[in-house]
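Below, in structure tokens: the form predicted on its own, a single chain.
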Amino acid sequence: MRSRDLRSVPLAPALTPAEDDPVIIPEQRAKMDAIIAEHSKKPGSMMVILNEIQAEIGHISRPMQNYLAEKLRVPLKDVYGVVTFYSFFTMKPRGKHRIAFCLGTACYVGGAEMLIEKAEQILGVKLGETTPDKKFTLEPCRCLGACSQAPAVMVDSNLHGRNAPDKIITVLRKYEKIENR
């Protein structure tokens, strides 16, 4: 099959943008276009473009990846490969506050699972999910590099160490109070 013939092949359902996908929203697509236009001529620009798009929009959905692949004239698998290789890229929108639970050996042995269970209980979502009000996202993290602070939790860019289930309640309340101001 020639590449010209591929244009008539329908998009896979995962690549079809939902009505709230940034590719469909003109303002967000304009932001993506501006970022692509600024960096696309530079060699190795894909990483910079993906970083800026995620910083501006908050995630990189599969339809966004498809759009970027078309704009950069690279195979979709290349964009998808970068997004899925680096853990700091996300394909789903995150909450305003990202809560990352370190699952490195020291933190795991130190009780990370109990912290996760408590946070899930308090926020009513499972690890990997975002609260319905889009305030908090719970995520696992391979290692925060803070083994002396085990079990450690990173909320946004703030490290909270030597946690226990009752301390994680205090940490979450702190960010909830910030939200309610």
Partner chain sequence: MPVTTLDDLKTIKEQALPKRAERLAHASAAQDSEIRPPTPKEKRVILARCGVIDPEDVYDYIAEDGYTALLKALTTMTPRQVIDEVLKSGLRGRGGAGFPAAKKWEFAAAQQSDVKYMICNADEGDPGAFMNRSVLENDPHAVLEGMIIAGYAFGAHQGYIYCRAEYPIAVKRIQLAIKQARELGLLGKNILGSTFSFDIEVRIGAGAFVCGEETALMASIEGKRGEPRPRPPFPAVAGLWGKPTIINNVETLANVGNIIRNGAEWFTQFGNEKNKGTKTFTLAGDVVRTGLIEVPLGITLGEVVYEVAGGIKDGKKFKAIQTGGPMGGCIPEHLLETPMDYENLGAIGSIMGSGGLVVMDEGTCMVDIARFFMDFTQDESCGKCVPCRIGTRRILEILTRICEGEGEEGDIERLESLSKYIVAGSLCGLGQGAPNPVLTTIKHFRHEYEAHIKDKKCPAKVCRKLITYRITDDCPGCMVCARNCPSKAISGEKQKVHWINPELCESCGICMSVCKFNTIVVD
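Numbering follows the first chain given and starts at 1. Treat the numbers as computed from the prediction; the structure is a model and nothing was measured.
Beyond what is shown, the protein has a form predicted in complex with its partner chain; the following relates to that form.
Just one stretch in 23 to 31, 128 to 136, 145 to 153, 57 to 65 has heavy atoms within 4.5 Å of its partner chain in the model of the complex, so which one is it? Stretch 145 to 153 is the one.
Is it the case that S40, even though its partner is missing from this view, gets within 4.5 Å of its partner chain in the model of the complex, heavy atoms only? No, no contact at 4.5 Å.
Going by a heavy atom distance of 4.5 Å, is G95 a contact of its partner chain in the model of the complex? No, G95 stays farther than 4.5 Å from its partner chain in the model of the complex.
G161 within 4.5 Å of its partner chain in the model of the complex, heavy atoms: Judged by the heavy-atom cut-off of 4.5 Å, G161 is well away from its partner chain in the model of the complex.
Determine whether any heavy atom of A106 comes within 4.5 Å of a heavy atom of its partner chain in the model of the complex, and answer yes or no. Because a heavy atom of A106 falls inside 4.5 Å of its partner chain in the model of the complex, the answer is yes.
For 64 to 78: residues with a non-hydrogen atom within 4.5 angstroms of its partner chain in the model of the complex? The stretch does not touch the partner at all.
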